[in-house]
Each structure stands twice: as structure tokens, then as C-alpha cells.
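One chain comes next, on its own, written out as C-alpha cells in the form predicted on its own.
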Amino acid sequence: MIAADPPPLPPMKARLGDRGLFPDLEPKVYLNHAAISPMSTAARSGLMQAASLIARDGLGAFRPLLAQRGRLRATLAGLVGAESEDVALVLNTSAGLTALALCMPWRPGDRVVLFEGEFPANVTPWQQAVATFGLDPVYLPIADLARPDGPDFGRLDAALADGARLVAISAVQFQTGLRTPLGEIAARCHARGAELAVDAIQAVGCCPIDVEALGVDYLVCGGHKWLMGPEGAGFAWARPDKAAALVPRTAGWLSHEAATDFLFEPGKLRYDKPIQRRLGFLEGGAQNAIGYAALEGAVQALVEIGVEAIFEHVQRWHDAVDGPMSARGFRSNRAPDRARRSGILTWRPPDDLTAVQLADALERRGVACSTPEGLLRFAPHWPNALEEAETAIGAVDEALTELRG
């Protein structure tokens, strides 16, 4: 018996500033969405629905869960202004970028522009391609493009003029929270015949992003941060012409056209079926069906609220803490230009204290935050009530008093 397709999950009534979908979340103020988001009841409902389907029907769940993943691709595509057929589900950002890096139609000596100070997920995969295909890496300081007062394109323009083949960069910098000017970088790349690959894990779900309007060529995003899904569930996107030009070096049995028909029709087992020309060829084998079902539930809340509304809510939250933190001697990395802001806000602590000391003291007071590269990072999302900002500042005051004796 073939199971029916899993029905779309019912509306979860997600509301800005309401953590009712997170009944088990222990910290009073959870500010670690730039690291790992807690799992909502919406995500757990999707997970349990898929797990129950597999428990009940075994193989019979295969086709229904294929359909579920089709819905998920369409939803994720909508979040970035893309078409669902140009989206592939991947395990995480690293897996997606590694597959792209290994499948690019490289020529020996091609130059790849990478950035010092970036999160390694968008550096290591391209380094592996450099070693495998004999490429020429060019390292630029990310500080040029992640300055609060605006980007300096001088060194990037010089690298592009020298014949760069591809530029790999993050949409949002994990340390400072500054949004990268992707549209301007893409235009510069294309003017010189280069391509732009974007790690968007710190953007999608909190910052509005439109791949067509920005002109990027490749985008990869893990699901466990601002999409609020589980680890091991993400997606990749490529322009159709770019996907068609990829060399399917990581293809598996599901990468073929009509890959599964031999399971259900006799005489269809063949090994000469063409590999898909869309990015779906990256989905080469058995998928994380339960994880993708959980991600669908998590993303539904984002769609219900709207990413634009989430961004505005998070900026109001940041407004409420940035001034008080600066008044207490913290040096803010927030951009003056609203278009350069994201869900992340970081500060350099006063000289007599470290970020780790402060984060530990805040954790004891029920405020969960993180400390990338010696900075204190607050990363609220749609469930964070604006009133929590006052609680966080109160905890900072207590932490300062404790640490200063």
C-alpha cells in the first residue's frame, strides 16, 4: 500500500515576540540564532509527522516524502526569490558549497577570490577545489567589504581585473553582523566575467534576499540558524545556466533523469540515463527525510510572519540594546546604514573584560549569547519579545558588577 502524501502542516499562528511555539526553551532570553536555533513545535510537528509515516508504512512512505520535499523546495525558493526547480536540498552549507566547488568546470590556473576573516564554511570547500584542480587562490581581507561606514572595493576590483574566475563570500559576516553588498559585488564580478558564490546561512530567514535582484550566481544555506530547522537540512541554488554547466562529479543514483522509475516499473533499470541538468543532481542518494520535514515546519512560521516583518522586528530589538550597551563602554559594530544590518549585533567589550567572561556571566542569568573572535554577539529572532531587551541589559549590568568585583 502506498501512503498518501503528508498533508501540509496546519497554520502555527506564529507571532512576532511570542515564544509560545518554544515551550521547552529554558533561557529567559535566547540570543543564539546565529549559532543554532531551538526547535519549535512547528518543526517538531513536521518531524513527527514524517517519522510516524515511516513507522507506519516503511517503504510506502518513500513517494509521499518525495512530495513533501517538493513542497519544501518551493517554499525555500520563495524565500530567496527563486524557482523551485533551481533548488536542491543539501545537508548543510559546507556540503552544498563542497559539491559546487568540486563540480565547477575549472581550468588549471583559474583564480578564486576568498576572504580572510570569513567563516571557514565558505573558504575550505574552495581550498579543496584549489588543491584538486590546480587553481590559484587569492585572499583578500573581509574588513574591506565589512566596514560599518561602507565597503572599499579597491582590492576586489584589482583581483577581478587580474582575471578572477569566482568570488566566494558570505551574505552576512558572522563576527560583525554586517551585510555584504552582494548586488554591487555581483555587478563587479559579471563586468569582469567572474561568478559569485554566496554562503547565505546568516541571512536567509531574517534578512530579505532576492537572488535575481542581487544577481548572484550560486547560493547555499544551512537550515539550523535563521531558518530555525534542525542541523543536517539545508538547500543550494544556482542559476539554471550555471547549474547546466556544472560537471556532475558528485552525482549518485538519484541524480539521473527518471531515476526512480525502475523501482515501480519493470524493464526500466538502465545506467545510461542522463544526469539532470538542474541543480537537483546534487540530491544523489537517500535524503534526510525527517530533517527536511522538520525544516518545512520551521520555515512555515517564517512564511506566516514574513521575512520583511521579521527583519524590522529584529532591528527594533537591536535598537533597544545598542545605545545602552554603548553607554556601558561596549563598542558597537552596527552599521549606520540600515541596509547593511542583519540579525546579528556584536560589540567589543570594555578593555577590562573579555567577551567569554561576559557571556558566562550572562548565561548564569538566563541570557544565552555567543563570543565569535572575542566579540559579544546578540542574535535575536522573531520569537524574542522586545521586552526581553530590558532583561538583557539588566543582566549585563549585573554581570559587569559581578566581574568588576
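Quick note: we count residues from 1 along the sequence shown, nothing fancier. Source: prediction; values computed, not measured.
Form predicted in complex with a small molecule: not shown, discussed below.
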Point to revise | in the model of the complex, the one of F174, Y292, F281, Y218 near the small molecule [non-hydrogen atom within 4.5 angstroms] | key: F174
Exercise for review: Name the single residue among A298, A238, V167, I201 that comes within 4.5 Å of the small molecule in the model of the complex, judging by heavy atoms.
Suggested key: I201
Check your understanding: Using heavy atoms and a 4.5 Å limit, would one call F311 a contact residue for the small molecule in the model of the complex?
Key -> no
Check your understanding: Looking at the partner-bound form in the model of the complex, is R73 within 4.5 Å of the small molecule by any heavy atom?
Key -> no
Point to revise | Interface membership of T93, the small molecule in the model of the complex, 4.5 Å heavy atom rule | key: yes
Check your understanding: Quick one: does I142 come within 4.5 Å of the small molecule in the model of the complex, counting heavy atoms only?
Key -> no
Check your understanding: Just one stretch in 328-336, 243-251, 224-232, 146-154 has heavy atoms within 4.5 Å of the small molecule in the model of the complex, so which one is it?
Key -> 224-232
